[in-house]
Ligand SMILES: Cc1ncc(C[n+]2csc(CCOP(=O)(O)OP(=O)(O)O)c2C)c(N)n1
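Here we start with a single chain on its own, the form predicted alone, put down as structure tokens.
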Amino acid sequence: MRPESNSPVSLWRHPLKKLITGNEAVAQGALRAGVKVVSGYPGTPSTGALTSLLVKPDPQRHVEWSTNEKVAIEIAAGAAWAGQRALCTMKMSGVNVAFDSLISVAYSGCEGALVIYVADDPGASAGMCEQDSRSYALMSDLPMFEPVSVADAYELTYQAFALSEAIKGPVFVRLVTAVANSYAEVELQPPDVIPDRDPILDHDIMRYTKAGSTVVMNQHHALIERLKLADLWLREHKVNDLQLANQTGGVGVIINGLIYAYLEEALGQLDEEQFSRDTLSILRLRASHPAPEMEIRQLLKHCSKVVVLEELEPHIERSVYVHAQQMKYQGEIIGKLDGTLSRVGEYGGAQVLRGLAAGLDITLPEKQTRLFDEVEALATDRPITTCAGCPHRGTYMAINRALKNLKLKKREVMVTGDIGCTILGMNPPFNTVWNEVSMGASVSLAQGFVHAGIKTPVIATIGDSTFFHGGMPGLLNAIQHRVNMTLIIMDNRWTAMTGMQVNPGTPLNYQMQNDHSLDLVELVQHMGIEQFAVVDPFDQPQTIEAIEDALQKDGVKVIVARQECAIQATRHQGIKGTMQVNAEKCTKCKVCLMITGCPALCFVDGVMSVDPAICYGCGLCATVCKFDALELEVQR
């Protein structure tokens, strides 16, 4: 171990109670385990974990935002193969990107600890698919912890490092949005000093390559054995908790992760005259994979009915059915597969109550039944627009104006979209972007539309961070095949939508110490682009002209619309000024509001005004006013 005096946490000697989020709990659990290397890619709802580790950097610990999740998992795996403790963080969509490498790493195992933190989003409050990452744990035969609470996230992350080293393989820790973003007071133990381990160079090609079927199958056998070891470790450490009722024949409940927090709430709404809580058996799962075979079989032997409560996919429920079939179980299994509960949306007290009522044969009052439908109906459309002063607003406006000037109908021109702030171009008042798939997909999708025979121009839009993450291969492909398309890269210099994290193109003075900054413009030019332009989206005539020019030429055209995110620019430069409405010139036509959709513009009681609290002074509203009624008051 390193001497205490070398560690910035050496003064922390006793437990400390602190109000933290679930994301911070994961970070604190990793610190407690003496993590050496942390990598990840920002994505709501997981971003806060790695962010909290960057607040107080430790020179003995490497923490970075990687270019994408595949790169991040490879960095963490390399550290774990060298015998160190590593953490990799991402949202559920990031596991898709990382899995190409992760499945291979799973087969090889690791020497140090490798913990993968993933945050899922039941209810899709943070965007993207309502993906259940437990499927990846099943597919890769990797153990997965599912914390119930913020305090549980802290404890189970710490245990995940111990389990990983015990079985010599990667371990998942899965949170959902409600846990990742929740606050709770947690008693934190003093962080461990980072173990002073010499890095390992393990020259074992039979373990770390996939060269030949025998090699791969042997690794597969080893992976399965590691999962069996994990099952024994989880049982020995009593991670999952089985409470059997005193009498047999009652109802059993299998419940995992956060949903356990709603169990007491649901039980409190049931009529105790209709059932006795003493007859209820409960299996609480804090590790969903491997599914605890012994505990599930004990519950099936003890109960005449079993209710399985889990969000999204019925993974645990299917496991219960397998054991029930093998045991020739004659009782009833209630969950998603019998239609009682839904595979869509996040679970709360209402869904738990519905499952319990079905298991206990209790008819719920009509008022409560109606409540279920009302809760499910709350998932409504929530269209949002870009922030006041956002440079992307200027890019969308310029695209729309260029199409109009060229006498092209918007509904006949494909504009592919991508992840991040850029996708907000799909919403009013722009209605510009047509689709969204995954990081970088806009560039490749556009090529598909061209090859399909679309005769009108095809435009791809992408942000700078997304371009670095996954857009570059698509552009290389377009250049190789000489595709007739226009790519507009909206370069605001930050990974903005997830909280202003740095990316390779962020200016050097905001990078981590000793890190480098890449110029996106130089990078694209060196990729072999012949038709190229850099524009300022606040300069509408320049931007419109560049887009018009590109849409009338063949081949690959790239436009970089470069202007810093207004939020970050305001923080370190202040605002440009505030737009003012000249009441004498204003005709109250509201064109400025209808075209820009800027939240700083207000039309109340028949009067157009500008909210000085949020106006950045970009001047885009003035570019669409035919009466020169909007004027910039320069900030002094």
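Don't overthink the numbering: it's just position in the shown sequence, from 1. Computed from a prediction, not measured in an experiment: that's the story for all the values here.
The form predicted together with the named molecule exists for this protein as well; it is not shown, and the discussion that follows is about that form.
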(Q) Y347 versus the named molecule, in the model of the complex: is there a non-hydrogen atom within 4.5 Å? (A) no
Q: With heavy atoms only and a cut-off of 4.5 Å, decide whether P42 touches the named molecule in the model of the complex.
A: yes
Q. Using 4.5 Å between non-hydrogen atoms, is G420 touching the named molecule in the model of the complex?
A. yes
Q. Any chance D464 has a heavy atom within 4.5 Å of the named molecule in the model of the complex?
A. yes
Q. Judged by heavy atoms and a 4.5 Å cut-off, are E69, S93 and N492 together in contact with the named molecule in the model of the complex?
A. yes
Q. Which listed residue (M439, I316, M144, L312) meets the criterion of a heavy atom within 4.5 Å of the named molecule in the model of the complex?
A. M439
Q | Of V352, A550, M497, V176, the one that lies within 4.5 Å of the named molecule in the model of the complex (heavy atoms) | A | M497
Q. For the chain seen here without its partner, which of 465 to 473, 226 to 234, 540 to 548, 276 to 284 has a heavy atom within 4.5 Å of the named molecule in the model of the complex?
A. 465 to 473
Q) Taking the named molecule in the model of the complex, which residues along 110 to 130 bring a heavy atom to within 4.5 Å of it? A) M128
